[in-house]
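First, one chain by itself: the form predicted alone, in structure tokens.
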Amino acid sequence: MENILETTKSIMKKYNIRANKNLGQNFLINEDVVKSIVESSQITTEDMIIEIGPGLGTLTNELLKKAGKVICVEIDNKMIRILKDRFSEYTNFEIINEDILKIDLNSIINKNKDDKKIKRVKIVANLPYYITTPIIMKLLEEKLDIESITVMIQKEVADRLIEVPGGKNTGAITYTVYYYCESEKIMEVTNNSFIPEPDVTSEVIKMNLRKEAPVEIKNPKVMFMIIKSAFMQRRKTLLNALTNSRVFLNKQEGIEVLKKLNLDENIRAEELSINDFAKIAEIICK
């Protein structure tokens, strides 16, 4: 593996580049972290990788050596020029100069899967921290034909994503990720692994898409709406939060629903399992 620090400094000097804070850019310079991301993604020549926000191409450089194809989605025009200069000679390299939140990933995946050499699609990225959640939600809610998502994000957010519902780091997004994925922590990444150094610790996590959901529910959208409502007022009890947001028509209805499920009136949203929320959704739908 190349000396990433020296390569990064050289590229930044050559192209007169500074990290764009508005785009959440911090350039990874830790070779061990790059190696860990690539290895944990378990990439083969039958895989197509979609890399979000490749920046200077530090991770891209290693992905291209392993994957059948690498599609980079990059919004920053300055980075597009660098990526084209670095990798245009690779036959398995493609670049899309777009906002990841606005592109149709399904059509991109389906088009490339027509190539019989590509068997699986994986997401690998050092995500911009300021839009981590919208990106993860897009990847999951659009029900893409992908096998796994391996990303480096802010540790605080990562811990919420990979938590088991009901655990100490539980948030609304915990249930969404748990519904769609089996997740694991790969490694913690200190802030001196980047230039410029971010103010936070980072974490590499891997989310393997489930073949079957962990709960049976006819209308997952209703369940996720209830979860969102419950966590919008997370300091309140579940009963008060769902009554205030009109999930329960009134407090008495809420009390009756909780009684049916043997849940305490004073229970809070983060104490519920995904099964509990699924059962509430079923009752509400009826």
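Residue numbers run from 1 along the displayed sequence. All values reported here derive from a predicted model rather than from experimental measurement.
Omitted here: the form predicted in complex with a small molecule. The next part is about that form.
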**OP:** Tell me whether 28, 98 and 126, taken together, all sit within 4.5 Å of the small molecule in the model of the complex, counting heavy atoms only.
**Re:** yes
Original post:
From the list 229, 237, 243, 58, which entry has a heavy atom within 4.5 Å of the small molecule in the model of the complex?
Top reply: 58
**OP:** Name the single residue among 151, 121, 73, 173 that comes within 4.5 Å of the small molecule in the model of the complex, judging by heavy atoms.
**Re:** 73
Subject >> Among 128 to 136, 157 to 165, 181 to 189, 210 to 218, the region lying within 4.5 Å of the small molecule in the model of the complex by heavy atom distance >> reply: 128 to 136
Original post:
Going by a heavy atom distance of 4.5 Å, is residue 47 a contact of the small molecule in the model of the complex?
Top reply: no
Original post:
Within a 4.5 Å heavy atom cut-off, is residue 62 in contact with the small molecule in the model of the complex?
Top reply: no
Original post:
Is there any non-hydrogen atom of residue 53 lying within 4.5 Å of the small molecule in the model of the complex?
Top reply: yes
